[in-house]
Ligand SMILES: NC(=O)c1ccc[n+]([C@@H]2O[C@H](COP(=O)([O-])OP(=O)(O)OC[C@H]3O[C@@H](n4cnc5c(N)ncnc54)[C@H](O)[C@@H]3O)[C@@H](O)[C@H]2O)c1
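Take a look at this one chain, the form predicted on its own, written out in C-alpha cells.
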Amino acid sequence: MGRVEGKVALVTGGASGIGLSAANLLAKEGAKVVIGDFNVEGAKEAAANIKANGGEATGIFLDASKEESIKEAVDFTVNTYGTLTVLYNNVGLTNLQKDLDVVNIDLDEWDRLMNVNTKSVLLGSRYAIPHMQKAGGGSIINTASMAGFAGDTLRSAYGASKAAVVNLTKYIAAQYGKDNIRCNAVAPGLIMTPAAEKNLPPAVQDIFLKYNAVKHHGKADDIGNTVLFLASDEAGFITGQTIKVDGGHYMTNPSISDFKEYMASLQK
C-alpha cells in the first residue's frame, strides 16, 4: 500500500478494460484518481466502486477527440484535487472495417485514428505539463501498442498512430525531464479485457496464444500494474521508454512456433 500516496492522477478511457485496471490500482495504492471516459456513467460507477473500497476517485465525461474536453478534464482534476502529478493517456480506437491496407484504407478513418490515438496524447500532455511543473514534477504514461513496432495486413492507421505515440513519448521525456517530468509508454500485446473476450472467437485467441512465449494471454492488470510502477517513484530513473507487455509474442522469430511443430511431427 501507498506506492503512489499523495499523487493525483487523471486516467483517460478509464471506465473499462486497461484504463479501469490502472485507475483501481492507482487508487488502491494511495492516489486520488479522476476517471475520464466517453462512457460517463461507466466512469462514475468505477469511481463509486473505488470509494466503496476506501479509495478516492471521481468520474467525469471525456471526449478524447475534442481538445476542449481534454483541457476541461485536466482543469477539473486540478480544481478538484489541487494538482495533477500523474497522467495516463489511455484512450485509443481501432476499426477493422475501415482501417485497411494502404491502398484501400478509408482516409477519414485515418484522420480519426490519428486525432484520437495520437493527438489526444499530445493534448493531454500539453495541458497537464504546466500543472506538473508547478507541482515540482510528475509522470506521464501513454498507451502505445505492439502494432507500433510490427507491420500487419490491416490497421495501417492504428499501427502508424501508435508508432507516433512511441516517438512522441521520447520527445516529451526529452523536453521536460529537467522539470522532473518523466514520460513513458506501455505497449500491450493481446490483453483479454471483457471486450476482447466478447469480440475474439476462441479460434482467434488460440492463434495469438500459439505465438506467445508464455502459455497464457495477458490480463488488464498486467498493464495496470505496469502503469502503477511507471507512476510511482520506483520508476524515478526511467523515462522515454516504451515497455512491451506482450507475453513475448513479438520477441521471437515468427517461424519458431511452426518449426517446433514440424520437429515434433518428426518424432511421431
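Numbering starts at 1 and follows the sequence shown. What you are looking at is a predicted structure, and each value in this text was computed from that prediction instead of being measured.
This next part talks about the form predicted together with the named molecule, which is not shown.
Interface residue among Gly159, Pro188, Gly138, Gly124, judged by heavy atoms within 4.5 Å of the named molecule in the predicted complex: Pro188. Here is the short version: of Asn184, Ser145, Thr85, Thr118, the single residue with a heavy atom within 4.5 Å of the named molecule in the predicted complex is Ser145. None of 166 to 174, 72 to 80, 97 to 105, 191 to 199 except one has non-hydrogen atoms within 4.5 angstroms of the named molecule in the predicted complex; the exception is 191 to 199. Relative to the named molecule in the predicted complex, residues Glu5, Asn24 and Ala47 are all farther than 4.5 Å at every heavy atom. Although the partner is absent here, Ala231 sits far enough away that none of its heavy atoms falls within 4.5 Å of the named molecule in the predicted complex.
Though the partner is left out of this view, Glu67 does not reach within 4.5 Å of the named molecule in the predicted complex, counting heavy atoms only. Put simply, Phe38 is close to the named molecule in the predicted complex: some heavy atom of it is within 4.5 Å. Though the partner is left out of this view, Met114 does not reach within 4.5 Å of the named molecule in the predicted complex, counting heavy atoms only. Heavy atoms closer than or equal to 4.5 Å to the named molecule in the predicted complex belong, across 61 to 94, to the residues Leu62, Asp63, Ala64, Ser65, Asn90, Val91, Gly92, Leu93, ordered by sequence position.
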